[in-house]
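Just the one chain here, the form predicted alone, laid out as structure tokens.
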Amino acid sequence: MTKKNLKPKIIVVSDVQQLAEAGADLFEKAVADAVKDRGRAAAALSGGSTPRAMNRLLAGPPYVDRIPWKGLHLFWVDDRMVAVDDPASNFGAARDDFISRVPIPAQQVHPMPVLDAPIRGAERYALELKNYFGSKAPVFDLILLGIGSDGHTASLFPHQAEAHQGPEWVLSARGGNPDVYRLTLNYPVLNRARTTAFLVSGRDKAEMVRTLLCGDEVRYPPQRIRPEGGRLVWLLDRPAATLLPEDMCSMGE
């Protein structure tokens, strides 16, 4: 993979429904292309409210019939260390939204070990990645990310670098809402994907979106997501893009 950081592509759509459709289209294409080119695909999912509408679309037509599920392995960008049935569980939400409703083999779904002690969970998930990708740093075909109004992405929080512990690929951390222990992929993994996409919606994110995309100073974790040779896409609904200069964006509708 060429070590070159490419400029992000910024796509703005009208509303959250179009954002869900754009995300589902991107998911379908990334998975289908990977299976066609390499025989299998690996995607890492995030939690939060924004991707859930996209996830539900994946379980229905036309996506459920077009995605090569039998060639897909699903991993997680991060998860809270809570029971799967807890409303805060990223894996639990994805399971309910689409995984339980699509023909993906169960052994190709790789949830984080959230019931372990935090550092032990990070070590176990790093081993899970190694078992799939080999000893070199993982290269996902698709990583889906979001942002918080506080400027976090995955479970990498600003001003909390000292709170992150674990092996290089996977860290444990505590923070966010709810304030619980979490597991998260680290920058060496997040910056090697073939396609990385931020999905962001809502006017409450607009100020942070402007800071992340227009600011010169690197202050927040999303600003450190700079794929090494892969493509970086920001999918925004119009409220989230309100404060961006118009010449920065491509219109998705």
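What you see is a predicted model, and the numbers here were worked out from it, not measured in a lab. Throughout, we count residues from 1 along the sequence that is shown.
From this point on, the text means the form predicted in complex with ligand 6PG, which you will not see here.
When ligand 6PG is considered in the predicted complex, only one residue from Leu171, Val114, Ala94, Ile147 comes within 4.5 Å through any heavy atom, namely Ile147.
Although the partner is absent from this view, Gly47 contacts ligand 6PG in the predicted complex, with a non-hydrogen atom inside 4.5 angstroms. Proximity of Asp78 to ligand 6PG in the predicted complex falls within the 4.5 Å heavy atom cutoff. At a distance threshold of 4.5 angstroms between non-hydrogen atoms, Ala122 is out of contact with ligand 6PG in the predicted complex.
Contact annotation for Ile143: none of its heavy atoms lies within 4.5 Å of ligand 6PG in the predicted complex. Between 131-139, 106-114, 150-158, 67-75, the stretch whose residues reach within 4.5 angstroms of ligand 6PG in the predicted complex through a non-hydrogen atom is 150-158.
Contacts to ligand 6PG in the predicted complex (heavy atom within 4.5 Å) from stretch 189-214: Lys205 only.
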